[in-house]
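A single chain comes next, written as structure tokens; it is the form predicted on its own.
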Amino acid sequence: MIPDAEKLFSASTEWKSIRVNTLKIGRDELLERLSEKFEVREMPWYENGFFIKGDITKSLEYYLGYYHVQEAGSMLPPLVMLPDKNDCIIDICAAPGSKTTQMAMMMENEGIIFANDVNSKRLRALAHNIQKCGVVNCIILNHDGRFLWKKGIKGDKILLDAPCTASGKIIKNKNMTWSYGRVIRMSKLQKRLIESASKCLIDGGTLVYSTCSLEPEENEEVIDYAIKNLNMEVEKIELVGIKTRRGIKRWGDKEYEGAEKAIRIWPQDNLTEGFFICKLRKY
């Protein structure tokens, strides 16, 4: 897939990443407070993101919900979506709520977010984070995302941060197990989820699809399926301050439509987890 695979497997970082919760505190005030306790670096691609070293889950600011511990790559899908105060958003696989609370923050607690997850245990973490961050514009749902469309809910924008094999986390876990059989099973699930998402989306609406996996079967292949079967078209993504690479157009004997407009965040490029992000519009 890439010419610098050795750098991928050797990439590592000691930095953790957090997101300012502007629903509770201003960015500059939090930066000043944290700089007295930790080594902090500002994130080049997101003004409300910081890289930080130290025990970040035992500070007063953490317990007060002034910041949320969130992987840097995980902050990108909401930035691609750009939620608006007037939006009705569906977050189909929302738990534990990092992107849900980020979108609510970007919406300044206005509009509506339907935060759904199939796993009732993970919903506890979702509810906890929503409450801790001071979010009030969310409705929590507990449904299988594959059949959410049957509930009749419609969204202007949909986030599908799909369940995946999470191979992009290799920068933090060199001992992770990998199975091609699991990749194929996830790909099938992801196609069912994006089909359901398309049915929940209004005509002309935006769907952001993302995973923290590196496999084309879980990424470009799912987008190719959406283009060919679900009346979806891909829109080009441009992010500033972060190195991105375009999606993989060809893999094995397959050629994927729309890949050139999707983006990949490779761990070795920015010392973050790997991410795939694609923005689609329904016509």
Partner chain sequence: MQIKKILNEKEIRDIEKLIEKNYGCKINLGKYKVFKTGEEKIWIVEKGVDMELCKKLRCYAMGMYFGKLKRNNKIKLSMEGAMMIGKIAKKNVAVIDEGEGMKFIEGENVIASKLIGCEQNNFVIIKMNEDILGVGILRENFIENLVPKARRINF
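Positions refer to the first chain, counted from 1. This structure is a prediction, so every number in the text was calculated from the model and none was measured.
What follows is about the form predicted in complex with the partner chain, which we do not show.
Undergrad: Note which of R250, K58, K236, K228 lies within 4.5 Å of the partner chain in the predicted bound form, where distance is taken over heavy atoms; exactly one does.
TA: Contact with the partner chain in the predicted bound form is made by K58 alone.
Undergrad: Can you work out which of L82, I202, I153, I184 has a heavy atom no more than 4.5 Å from the partner chain in the predicted bound form?
TA: By the 4.5 Å heavy-atom cutoff, the listed residue in contact is I153.
Undergrad: Wondering, does E195 line up within 4.5 Å of the partner chain in the predicted bound form on heavy atoms?
TA: E195: no contact with the partner chain in the predicted bound form.
Undergrad: Although the partner chain is absent from this view, report whether L189 comes within 4.5 Å of it in the predicted bound form, heavy atoms only.
TA: L189 lies outside the contact set for the partner chain.
Undergrad: Wondering, does I139 line up within 4.5 Å of the partner chain in the predicted bound form on heavy atoms?
TA: I139 belongs to the contact set for the partner chain.
Undergrad: Wondering, does R146 line up within 4.5 Å of the partner chain in the predicted bound form on heavy atoms?
TA: Close contact is absent here: in the predicted bound form, R146 is far from the partner chain, nothing within 4.5 Å, heavy atoms only.
Undergrad: Would you say all of T22, Y46 and F275 touch the partner chain in the predicted bound form, counting a heavy atom within 4.5 Å as a touch?
TA: So, no: the whole triplet misses the partner chain.
Undergrad: Residues in which of 204-212, 173-181, 117-125, 70-78 have heavy atoms within 4.5 Å of the partner chain in the predicted bound form?
TA: Of the stretches listed, the one contacting the partner is 117-125.
Undergrad: Taking the partner chain as it sits in the predicted bound form, which residues of 58-91 have a non-hydrogen atom within 4.5 Å of it? Please list them.
TA: In sequence order, K58, S59, L60, Y62, Y63, L64, Y66 come within 4.5 Å of the partner.
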